[in-house]
Structure formats: C-alpha cells, structure tokens
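Have a look below at one chain only, the form predicted on its own, in structure tokens format.
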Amino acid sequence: MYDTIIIGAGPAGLSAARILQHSQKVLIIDEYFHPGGRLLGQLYEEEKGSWWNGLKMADELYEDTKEKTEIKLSTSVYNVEFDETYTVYTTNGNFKSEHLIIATGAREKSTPLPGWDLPGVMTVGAAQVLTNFSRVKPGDKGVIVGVNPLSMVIGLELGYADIEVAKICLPQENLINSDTPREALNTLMSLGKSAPSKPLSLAAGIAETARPFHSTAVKLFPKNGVKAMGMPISIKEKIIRINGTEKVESVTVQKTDAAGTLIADTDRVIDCDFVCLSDGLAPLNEIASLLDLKHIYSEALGGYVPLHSEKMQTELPNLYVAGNITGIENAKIAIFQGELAAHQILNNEALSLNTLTKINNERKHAKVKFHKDLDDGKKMVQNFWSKLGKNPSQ
C-alpha cells in the first residue's frame, strides 16, 4: 500500500514525487524505458546564450527521486479502480494507494496523406527524440508537414544538429485536416517574440490589433515562402504526396491561393530522405477516462481534458491531474503543476498558493503558446468546475 501513486514519469510526475517522497511512500509508473517524458529530446535557446536542456532536466529530476521514490519503468497501466482507495492494474503487478496523480502528458497528432506509410516518415516528436536523446539522425534532409509551434521548435532543434530542413508547409486538405494559409499565418504571429524571423516577430506585436488585415497579409505572403533561421517556411504550398519505393525519396508540393485552394499545374518535387508529420499535441486522457471522470473539450487546450480545479483536484477524492493532461503547455508549467498537486496532497496551502502564482506568471510570460486562446480554455474549465458546486480555489 502506497500513500501516493503517480502515473507518468515526465516533468509533472517526477516533480510531484520529489516533494512527496520526504513524507510519503511514493510509487511512479511509466510505460517508457527512460524517465523524463516529453523532456527527452527538448533543446532550445530561451534567451541568447541561455539554453533549456530537457534531457538534463529529466536527469536531475530522476537523480532527486530515484533513492526515495519507487519507480517502475517499462510498465503499462491497463486499468484503475476506485473504492475508498485506488487500485492501479499494470503489466508489472497491481498496486494500491490513498492518493493518485495522473500525469500522463500528451500524444502527438498526425495527418495522413499519400505515402505516409513509407519508411522514413515519422512524427516531429520522434525525430526530436532520435536526434537529441538517442543521438541518431533521422536523415540528412527532411520536410516537415504542418505549421505550428511544435513543428517550428523541433525544426530549429534539427538545425542545431546540422540536419537540413528543406521545407515546412501545410498538408493537403482532407477530412481530418483543413488548415488554411490564414490559420498558418496566425500561428506564426502567435509565436510573438520567439517567431522564427525578425519581420514576423515585429508583426506579432501588432497582430491582435490588426486582425482585419490578416487576409491582405496572406495574399502578400511570398508564394515560395520565407527563409527564417535556416528554415524555409511556406503557408501557400501544400504537400500532396510523399514519394518513394522502399523509403522516402521526395515529396510533391503544390501551390495554393490565399484561401488554401490548390492551383493546378503548380506541382514540384522536393528531394528529401525523411518526412516529419506535425499536427500538434493532444492531452493523453485514457487513464482518466477509466475512472469515468468528466471531461471538457477545448481546442485552446488541445482536446479533451479531465475536469479539475486550478489546484489540480478532480471530482474524485484524493485524485489529482498535472501536466499536459490538463492542456498543452510548456514543461516548466508541467513541473509547477506537479509540485502544486503534491502540496495539495500534503495540505500545504501556503506553498500551494505560491506555486499557483508561479504557474500564472510562467503562463503569462511564456514565449511560445501552443494554442492562442489558452487562457480562455483554462477559464472555461474553471467555470464548469464551479457549476459542479466546487470551490474554484480547491
């Protein structure tokens, strides 16, 4: 019997354990063979000369927890039940606890297109982990399908490893994906000061007050895209096919008008040996669903998230959520949310309030927001929490 079981050995789960382990018997369960979750592979420059190294952070969190916290890796959870206490069923045995933290993170979304089953096609997250964690190049020259904060950040990371990114552009429209050039432009604008070129960075500052002019901006956007920080970015070209026999050899792109409609006879082939698919991230909520927790759908949060308070409490007693399962944000916020869940379990209200302030400050000043209406999504979840008759501050 454990005091707290944590499902997920990412930034949220490890940071929660780091606090709880000093006064509780804690177990962390994760299906991957290495702790760290989405920290693995992250490497980007926050400020000039200041780098965020996710692998280093993962190692530090693991070093801080491995002696006092029991950690079971390569272990999958296939069921969870609640009957006064929590029973977690895994491929490595069944375990009980009084408290449970679900910190399962997020999954990558990808849009299918012709040729996506060829060897050499992968998600951008897979390319990131291969490059920065496994130290294996996914290839020499790649194309990224999808214009979003995740694809931009990982595109830069590939560049740090001297891997050429030949093109970043949109996928062809289908039943799953309907991204338009205007939406892609809004994404570039939403990157704010971290936008991948000085003109876009400056434009981002006036974007909110200049929305009526975005249609004109799309029309004026160069047909062949822009070169920014070594990455050719195009919002008026779509990849219609991945080509190859036994592996990726090239992609075929076609120009579009400002509305995203393909223009006939504008096909061209771009040589490459790998392709990364990127349609963003979605909260990984299967474990929460096993407990029949209420979920809220929000595009601003990345999809369905478990209903929870701003202090990570769910509708079930002693059950907390933390990290990207609550909405897609950066790793720093996931770390703070894990700490907040731990402080709540220990009934430390002063530290809970202090950590909540840190979350709000980091959210306010984050250089990259994965969804532009994040704050609205968070407010919607808290409104639904209030309608349950719950205190939003619990």
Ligand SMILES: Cc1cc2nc3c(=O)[nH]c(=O)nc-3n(C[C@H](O)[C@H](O)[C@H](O)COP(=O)(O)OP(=O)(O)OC[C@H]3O[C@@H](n4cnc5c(N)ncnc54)[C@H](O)[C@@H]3O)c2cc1C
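None of the values given here were measured: they were computed from a predicted structure. In this text, residue numbers run from 1 along the sequence as written.
Same protein, other form: the form predicted together with the ligand, not shown, and the subject of what follows.
- For the options E249, E98, E157, E310, the residue carrying a heavy atom within 4.5 angstroms of the ligand in the model of the complex is E157.
- Residue T104 is the only one of T256, S234, T104, S110 with a heavy atom lying within 4.5 Å of the ligand in the model of the complex.
- Remark: of stretches 300-308, 234-242, 147-155, 161-169, the one touching the ligand in the model of the complex is 147-155 (heavy atom within 4.5 Å).
- Although the partner is absent here, R38 lies within 4.5 Å of the ligand in the model of the complex, judged by heavy atoms.
- Contact between E31 and the ligand in the model of the complex is found at the 4.5 Å heavy atom cutoff.
- Among residues of the shown chain, M122 is not one whose heavy atoms approach the ligand to within 4.5 Å in the model of the complex.
- The closest heavy atom approach of A12 to the ligand in the model of the complex falls within 4.5 Å.
- Residues of 234-255 that come within 4.5 Å of the ligand in the model of the complex, judged by any heavy atom, do not exist; none qualify.
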